[in-house]
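Coming up is one lone chain in C-alpha cells, specifically the form predicted on its own.
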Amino acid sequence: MTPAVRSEWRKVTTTNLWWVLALVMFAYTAFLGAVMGFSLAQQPEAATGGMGDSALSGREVAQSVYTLGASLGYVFPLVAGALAMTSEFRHQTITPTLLFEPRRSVVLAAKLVVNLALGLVYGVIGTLGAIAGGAPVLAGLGDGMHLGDGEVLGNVAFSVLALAIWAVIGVGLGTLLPNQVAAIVVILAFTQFVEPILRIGFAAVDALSGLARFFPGAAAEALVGSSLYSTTGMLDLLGRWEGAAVLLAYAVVFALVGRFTTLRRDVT
C-alpha cells in the first residue's frame, strides 16, 4: 500500500495541474467572498430572501461568506479527484500503473488516500480565499470579521473537511466514469446547474422538500453547519453528522461501483 501511495503522490506533485487549480480556486473563492460579503453587509434585509422578518446577524453573514468554498467552490477538488483516475485512462498510463501494482483495490485505495490529503490542501486554500476576500469587506461595511468567534472558526474547519471529502468523491466518480470529457461535463452540469435547480425546485414542493437535504451539495453544507441556502431561509439542512454520513456515503458508493465495474475490465 505504501509504495502505491508514494507513486500516486508523485503523479500529483510532479504535474502543474494541482497548483494551477489551487490558484484558480483561491481567486474564485476570494472573488465570491468579496461579492457576497458586500451584498450581505450592504443589504442585510435582502439576505433573508423574504423568508423572515429580521436580517442575518453578523455571525451568520460571516459564516456564510467564509464557507463559500464548500457551498460554491467544491467543483475544484471534485474535478481534481476525478482527474486522478480519468487521466490514467486518457493518457493510457493505467497499464503501467497496474503493472506496478496489479491489485486494483490497492490502486484505488491509494488514489483515495492521496486525494483526501490533496483535498485538505484545496480546502485550506479555498477557505482562505473566501476569508481573504470577505473579511476586509465585513470589517469595513458589516458587523466585523468575527474571526475570533469559536462557532465561526468551527464552521470554517468543517468547510475544509467537506472540501477534502469532495476530492474523494471525485476519485470515485472518475472511476465510475473513466472517460475524462464525460466525467468533467457531468461534474460541471450537476454541480453548477442540476443540483442548484433541483434543490430550489424540491424546496418549493412540500412532498419533495425533505429530499433536497440529501443531495451531495446539501449534505456538504450540513457538515459545514452553514450555507447561503440555509441562512437565507430557502432550505433546511440535515444535522452536521447526518450530513457527514450522507456525503461519505456518496464517496463510498461511487468508489465501490467504480471498483466493480470499470476496474474489473481488461486493460490494454
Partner chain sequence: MTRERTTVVGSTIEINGLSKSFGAVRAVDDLSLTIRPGVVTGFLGPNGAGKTTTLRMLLGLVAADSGSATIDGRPYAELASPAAVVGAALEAASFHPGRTALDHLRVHAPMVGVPDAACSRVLAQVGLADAARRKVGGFSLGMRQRLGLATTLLGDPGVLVLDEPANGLDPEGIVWLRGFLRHLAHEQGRTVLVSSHVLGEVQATVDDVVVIARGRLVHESPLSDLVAMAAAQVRVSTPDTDGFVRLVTEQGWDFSEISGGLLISGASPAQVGAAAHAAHLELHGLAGEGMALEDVFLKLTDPARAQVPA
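All values reported here derive from a predicted model rather than from experimental measurement. Residue numbers count along the first chain shown, from 1.
There is another form of the same protein, the form predicted in complex with the partner chain; it is not shown, and what comes next is about it.
Taking non-hydrogen atoms only, E101 approaches the partner chain to within 4.5 angstroms in the model of the complex.
The partner chain is not drawn, but in the model of the complex it has no heavy atom within 4.5 Å of N155.
The closest heavy atom approach of Q192 to the partner chain in the model of the complex falls outside 4.5 Å. Taking the partner from the other structure, the partner chain in the model of the complex has a heavy atom within 4.5 Å of a heavy atom of T97. Of the candidate stretches 87-95, 71-79, 124-132, 144-152, only 87-95 contains residues with a heavy atom within 4.5 Å of the partner chain in the model of the complex. In sequence order, P3, A4, R6, S7, R10, K11, T14, T15, N16 are the residues of 1-28 having a heavy atom within 4.5 Å of the partner chain in the model of the complex; the partner itself is omitted from this view.
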